[in-house]
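Next up: just one chain, as structure tokens, the form predicted on its own.
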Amino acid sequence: MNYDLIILGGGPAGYNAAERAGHAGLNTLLIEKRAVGGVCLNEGCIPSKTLLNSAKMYDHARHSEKYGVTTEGAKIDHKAVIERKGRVVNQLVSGIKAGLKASKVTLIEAEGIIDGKNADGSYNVKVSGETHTAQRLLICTGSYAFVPPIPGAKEAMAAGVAMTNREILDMTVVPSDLVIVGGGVIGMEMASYFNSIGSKVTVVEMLDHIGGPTDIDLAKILQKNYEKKGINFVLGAKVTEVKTDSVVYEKDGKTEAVKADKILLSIGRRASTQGVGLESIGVQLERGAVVTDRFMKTNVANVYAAGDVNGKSMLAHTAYREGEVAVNNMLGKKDVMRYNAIPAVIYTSPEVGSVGETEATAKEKGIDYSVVKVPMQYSGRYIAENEGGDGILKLVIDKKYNRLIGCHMIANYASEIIVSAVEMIEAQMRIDEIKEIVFPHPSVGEVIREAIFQVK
């Protein structure tokens, strides 16, 4: 079959781009070898948020007395939570397939491999013994959970003790002792959930802080909140061995072990570029990821890449936008990808929301900046809804241009509030312009306005 566009990978970048392309009139084939929706929908973003919402409800039921509400006998059924997660995923997958059909996109659920270029400039993709051809390719093969060569890790995974995010989101038992190797976003979200439902959780992290690139002040507050809830953090530690009943680590020159009946390996993710056939057409890779420019073009004519596979910003919402930029450029509409206003969220309780420069990155880039830091108690609604809350909001200001270039907050619903700052940074708004924006009162988000008026 001949197509205008073949997309390899049906995750956020791929299925969204396919809908956009099909709607614009391109005869589009989408190939997904595992599950439409990709990692985000099937074993990442959506499943984890479903679990975290159940944990939040359970926590509210158990600890609501400080708000004048008493609930007795609250229980959580982890197996029922996992079953509901499955229903949520199935509903959303069905919705995506319906959207693809409405956009007249052909979907093949099988493995596709690029098989060279033809004399007329078109590309071949083999699927289940058949060859499909298109003038354009969009590579959206995503990423996979990286499992480092730690002694014993493979054996522990084979025994069902160690796992990645894929397996833990299907686990129907509640482990007594859960050790999480890696204190990044996935690690912290799973620590949050399993701590809430009764596991003794230990997080072992090589860095001296949790949250990866998260603003250090917010990371410290998040850690303090979870230490109060009983999570044990072992920071600045290198895991040297994974056993079927423990994790061995080295810290400050000493070797120690922490008991575990389940182990989550959450070290990070790598671009999925092997076995795709990229080498058959000479697509350039760098550190295992596809190299793309700001138009999402690769080094090969009419071949684009979007999403985790290019390794730039492994977030589903980034993937959506990258896929749209690629399709727009295919259609002759000049569009460029910008990464200066990409929000990031840790969906713990409280949530952490960030966008733009942190103090650390502003300093690294030599930006003349200033910082405004205010407690979330500047918001009346925050106080009303958070007894003893210790959240903060930080703004990073470019002093030369008097613009907002970074916003970081730890508070309930930070994921919903941070988009206000995303828009301000994307629009390169000056501080005086932001001061004219009217926020609803009372709202937690109006703390941004309060902080803006603290800028000198």
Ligand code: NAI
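It should be emphasised that the depicted structure is a prediction, and the values quoted were computed from it without experimental measurement. Note that residue numbering begins at 1 and tracks the sequence as displayed.
Omitted here: the form predicted together with the named molecule. The next part is about that form.
Asks: I'd like to know if residue 200 sits close to the named molecule in the predicted bound form, meaning any non-hydrogen atom pair within 4.5 angstroms.
Replies: Although the named molecule is absent here, residue 200 would stay clear of it in the predicted bound form, with no heavy atoms inside 4.5 Å.
Asks: Does at least one non-hydrogen atom of residue 207 fall within 4.5 angstroms of the named molecule in the predicted bound form?
Replies: The answer is yes: residue 207 has a heavy atom within 4.5 Å of the named molecule.
Asks: Test of understanding: in the predicted bound form, would residue 239 fall inside 4.5 Å of the named molecule by heavy atoms?
Replies: Output for residue 239 is yes: heavy atoms within 4.5 Å of the named molecule.
Asks: Is residue 268 one of the residues lying within 4.5 Å of the named molecule in the predicted bound form, judged by heavy atom distances?
Replies: Residue-level check for residue 268: yes, a contact with the named molecule.
Asks: Using a 4.5 Å heavy atom cut-off, which of 273 to 281, 185 to 193, 288 to 296, 127 to 135 contacts the named molecule in the predicted bound form?
Replies: Selected range: 185 to 193.
Asks: Would you confirm whether the three residues 49, 150 and 314 all fall within 4.5 Å of the named molecule in the predicted bound form, going by non-hydrogen atoms?
Replies: Spot residues vs the named molecule: full contact, yes.
Asks: Name the residue from 345, 219, 337, 96 that puts a heavy atom within 4.5 Å of the named molecule in the predicted bound form.
Replies: It is 345.
Asks: Please identify the residue among 156, 355, 168, 181 with any heavy atom within 4.5 Å of the named molecule in the predicted bound form.
Replies: Residue within 4.5 Å of the partner: 181.
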